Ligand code: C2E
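The chain below stands alone, shown as structure tokens; this is the form predicted on its own.
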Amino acid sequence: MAFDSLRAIFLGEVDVPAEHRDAVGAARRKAFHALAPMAAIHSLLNAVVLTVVFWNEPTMPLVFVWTYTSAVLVFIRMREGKRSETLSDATGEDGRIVRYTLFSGALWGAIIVALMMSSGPEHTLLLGVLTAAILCVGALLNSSFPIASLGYSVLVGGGACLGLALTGHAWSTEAMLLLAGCIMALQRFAANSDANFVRRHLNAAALNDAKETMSVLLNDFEAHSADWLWRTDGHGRIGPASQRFIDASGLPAEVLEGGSLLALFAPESAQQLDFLLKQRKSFRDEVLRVQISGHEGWWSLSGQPTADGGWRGVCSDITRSRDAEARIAYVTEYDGLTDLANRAMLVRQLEVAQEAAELRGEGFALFVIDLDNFKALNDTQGHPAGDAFLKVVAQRLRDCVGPTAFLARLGGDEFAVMQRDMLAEEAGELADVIVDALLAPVHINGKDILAGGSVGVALAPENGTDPAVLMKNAELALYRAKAQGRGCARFFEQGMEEVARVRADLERDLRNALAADAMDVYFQPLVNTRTRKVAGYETLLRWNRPGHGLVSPAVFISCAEETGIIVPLGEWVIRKAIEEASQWRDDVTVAINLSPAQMKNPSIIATVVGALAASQLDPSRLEIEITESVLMDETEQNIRTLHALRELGVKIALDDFGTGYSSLSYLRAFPFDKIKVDQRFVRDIDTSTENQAIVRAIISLARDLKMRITAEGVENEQQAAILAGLGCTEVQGFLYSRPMPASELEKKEPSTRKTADLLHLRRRA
């Protein structure tokens, strides 16, 4: 180890990879030969000075021969260096360099010994300067080869020490010690200089390799990617264009290169891009309309300014994706089978009509239509016949209601019509027309199909103007029509309030239960698919209603949302769940669902902040789950609320993903932390390739958007294994545990496997 340390100190050896050894050796030789002229001048100057000084001394012939031999040797080395550039024997050249250097050191050592022995005291200063100069210049000129530098210094210094010893001066020992220290210092300099030289060469080689790799990657990127690189000069002229850029523009290379970048875009997009370029700030994913020689499309452009006043960046053709988005938007707003508006569109139209009714007193009528015996048609004739029947019904309804009415398919065999400026008598006449039209036979597959339909009617403002209330009242009227024999129309009447009375009783008991703290918060675990450890719990509300037993959450939550109880009830759940979560392990999260009504409540942020402060729970352990219905209603306000929660450190999850109308568009509206796959896609994932494909697509989408994903409704190990294989982050369901009260939770799970086993045992028990 000590020997290795000395080698590192005095020879400065650097570990050179095998692939760089030849290049480093060539660089050393080149550096050595580059200094040869300086060495020649120095040797010649020494020879001339010594010749003049010792011209009359007895040792003059010997000094003359040795000094000029050393100078000639250097000139020979210069000539050998030029000749070696054409030689392939690198090892032999290195050996010659070392031998030349050692021979030169031996000559100068001998000269110094001779001069010290034959000179007088008047030459002491000159010989000291000569020795120091030879040592320093030798260390500098031979630093590319530390072994040669070491040998040269030892030979020259050894000669000087020998001369000092033979002269027998009283200070010879001290002088020799100084020479030894000088030699070690100079050799350390030479070794360090060579090590730095080698490192610089290796760094330069690594940088060059990186540049070559980057060039290869860029070439591969442009060869295989749908994107391409672009560059402009300070005048906005396009620089050298790749083949991908040329193909995308449809212009010849000689026309594209040197042309104006702005000229590729439609006027409004060119103006938008010009504004961005003048800002001299980086921009990303700007969507611009392309207009080139009659061809139109859409490009997504990203760019950053360059030091020369130009720009460079990446561009991609998104025309197809824009078309796909348009198709998706159509699918989310219209029924693909009948080409009618869907429920979401109907709700928006009802909201517009509601605003007109409240501001200007304009009335309108809502008709809900349900086909009679349609299920039997599907069962006997098959779904293709059922689809054909629905298309005919849709066309008949169009003919009945005319162009001024808004017609929608709510789903299945249920339709709706909204007609503005309509009185009760007119609504009755239109309802009868619809019933008569549906009674007419439909010819399908060579048969006349008789189905018929029932109609429920609610009038605004008599029966309310709120879309939800009107829909409820129209459906209550529809249920009455069906109960009275089908194939007829009924208006909403106050006599139908029995359902409302039942709901009022439910509301009263719900309020009492909330006031008496008589409801229960349950928790269902979320299990990490990789570790099989409980990563968190979803909060669920349970109510054991006196005299009725357990009430379905779908029933009392719906009542709470319609009556406004959801706001205080939701605040109670938030406080309870967060308080309980503060007793769990620090890495376990708690998820709480927020309804649209809660999101509208301006105090929701204060409620969350207060609950977190009271329990000292880290906000990052709280997940707020919302459905897309939250974003369908008062979107801007709800988006602001979600961002405020995010700023607290709270995570936001989109629940029941894939079951609504505009799931993809809402992913663009807000950067969710998590997506929850609805259980209807998970339920048959072990037997349905379609469900697997849907879940795979959702997981891939979540991964690309840097979102975690949870799958609900996992009931067996096969489903869990499939989801884990697809890359699902978390799962929950009866496989692990049914929802359970806080008292049954393991506060501190001892281990991942034990947690999973406990959950299994609890579920089976």
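Residue positions are given as counts along the sequence shown, with the first one as 1. Computed from a predicted structure; not experimentally measured.
Another form exists, predicted together with the ligand; not displayed. Remarks below refer to it.
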>> Only one of these stretches, 366-374, 194-202, 592-600, 393-401, has heavy atoms within 4.5 Å of the ligand in the model of the complex; which one is it?
In response: 592-600
> Considering the ligand in the model of the complex, which of 173, 616, 484, 552 comes within 4.5 Å of it through any heavy atom?
Replying inline: 552
> If you check 147, 675, 451, 566 against the ligand in the model of the complex, which one has a heavy atom within 4.5 Å?
Replying inline: 566
> Does residue 730 make contact with the ligand in the model of the complex, using a 4.5 Å heavy atom cut-off?
Replying inline: no
>> With a cut-off of 4.5 Å between heavy atoms, is residue 237 one of the residues that contacts the ligand in the model of the complex?
In response: no
> Is residue 242 one of the residues lying within 4.5 Å of the ligand in the model of the complex, judged by heavy atom distances?
Replying inline: no
> So in the model of the complex, does any heavy atom of residue 655 sit within 4.5 Å of the ligand?
Replying inline: yes
> Within 697-729, which residues have a heavy atom closer than or equal to 4.5 Å from the ligand in the model of the complex?
Replying inline: 712, 713, 714, 715
